[in-house]
Ligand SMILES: NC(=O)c1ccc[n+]([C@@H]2O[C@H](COP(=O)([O-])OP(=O)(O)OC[C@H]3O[C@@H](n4cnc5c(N)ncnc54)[C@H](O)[C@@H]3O)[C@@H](O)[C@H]2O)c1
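The chain that follows stands alone, in the form predicted alone, written as structure tokens.
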Amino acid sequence: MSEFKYDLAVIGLGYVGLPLAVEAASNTLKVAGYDTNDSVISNLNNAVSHVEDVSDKALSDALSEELSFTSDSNVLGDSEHIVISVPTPLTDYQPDLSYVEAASKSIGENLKKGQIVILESTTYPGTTIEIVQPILENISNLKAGEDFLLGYSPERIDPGNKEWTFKNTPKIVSGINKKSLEKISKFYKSIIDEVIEVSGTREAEMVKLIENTYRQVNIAMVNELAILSNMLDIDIWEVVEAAKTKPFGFQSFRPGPGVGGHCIPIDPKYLSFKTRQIGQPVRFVELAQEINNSMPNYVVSRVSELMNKKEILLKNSKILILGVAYKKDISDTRESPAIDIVQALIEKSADVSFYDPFVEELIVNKTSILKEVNIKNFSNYDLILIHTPHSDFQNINFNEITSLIFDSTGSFTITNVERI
């Protein structure tokens, strides 16, 4: 019988923390979700989810079992396991660990012997032992690895993925010592199908960075080849489809308008930050970032080129963007290339609208807000720009549209279309 009131406290209830809290509660653990935002706490306690991968029903079912939410940090001292899943954004292109530091301070103020603290937030190698551990020890006067246990486990959430969920995606775990690793591994095995142990927290922190840096680099490669192929009058989409028939030695990546979301645009920059600290920049990775960051402007240049061929001025033209989320069938617009595309088109005096079945409004330049429009008459627009290949768009008969169409996704079979 545990001496603690809760088996788990989760700090940060976003796309990482909320699925963890709900999954743990569904596995009969007693869980407290902690967040400083009282509005978020109120909605969650009323079974209103703000995370797409957690339905209101799943949240309601978990609440009726062993789950509750609070903005009272005292709950942290009543929990055997504490998982930190707060944001780690970039501020002025530098890693911002202020949320991690604030969470660590709140834990330190409530920390008791026997507790197990786990960092899940994406960060650079060394954060757990260089940032989190000293804060916890200095505030609590307890010793990590002895009085309390500490480790790191990278999140692997893929929003909107119905095949690989929180429960069946293998979980990487680590600890600052053997005892920490054993306890952390045991905890995750109680709620996740497969747990993979690594030797230390630096290795676990690096796992997340290498996973998304791999994607960043390969997307950049195919994007650069797409630009080259267009110049050589080669259909890059046909090339990729043919290449992926090879059953070994090749993994297919598709060109697109850039990269977005919480991982691919951000994680490699954490790697760059750390390697530059030791005087060894990852030039290959930074080049990939540069290429992918340039794709929105490339899309706009292709759109302008297409319109010029049809003797349509980009200035004052009416352009409809289909989909502004960073990936298919979700509402998340964080780091979406659509934001840069819209901004560039507005700067060229185009009249830009968008339709996205998952997104109600898009904020550009922090002040400008583009509201979604209903699709009524495509002929009202000089050009249709397909940015996100939502499943709903499969119902559109693009071949009946007389307006110019530029498909940045290559996802639709359209007779008269320009593609990246």
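One rule holds for the numbers: they count along the sequence shown, beginning at 1. Keep in mind that this is a model prediction, so the values were computed, not measured.
There is another form of the same protein, the form predicted in complex with the named molecule; it is not shown, and what comes next is about it.
- The shortest heavy atom separation between Lys171 and the named molecule in the predicted bound form exceeds 4.5 Å.
- The named molecule is not drawn, but in the predicted bound form it has no heavy atom within 4.5 Å of Ser26.
- The shortest heavy atom separation between Gly14 and the named molecule in the predicted bound form is within 4.5 Å.
- Mapping the unseen interface onto this chain, Thr36 counts among the residues with a heavy atom inside 4.5 Å of the named molecule in the predicted bound form.
- You can rule out all but one of 262-270, 249-257, 163-171, 316-324: in the predicted bound form, only 262-270 has residues with a heavy atom within 4.5 Å of the named molecule.
- Residue-level contacts in the predicted bound form: of Gly77, Gly145, Gly200, Pro159, one residue has a heavy atom within 4.5 Å of the named molecule, and it is Pro159.
- For the options Thr127, Asn292, Ser121, Thr213, the residue carrying a heavy atom within 4.5 angstroms of the named molecule in the predicted bound form is Ser121.
- Residues are counted as partner-facing when one of their heavy atoms sits within 4.5 Å of the named molecule in the predicted bound form; in 98-112 these are Tyr99, Ala102, Ala103, in sequence order.
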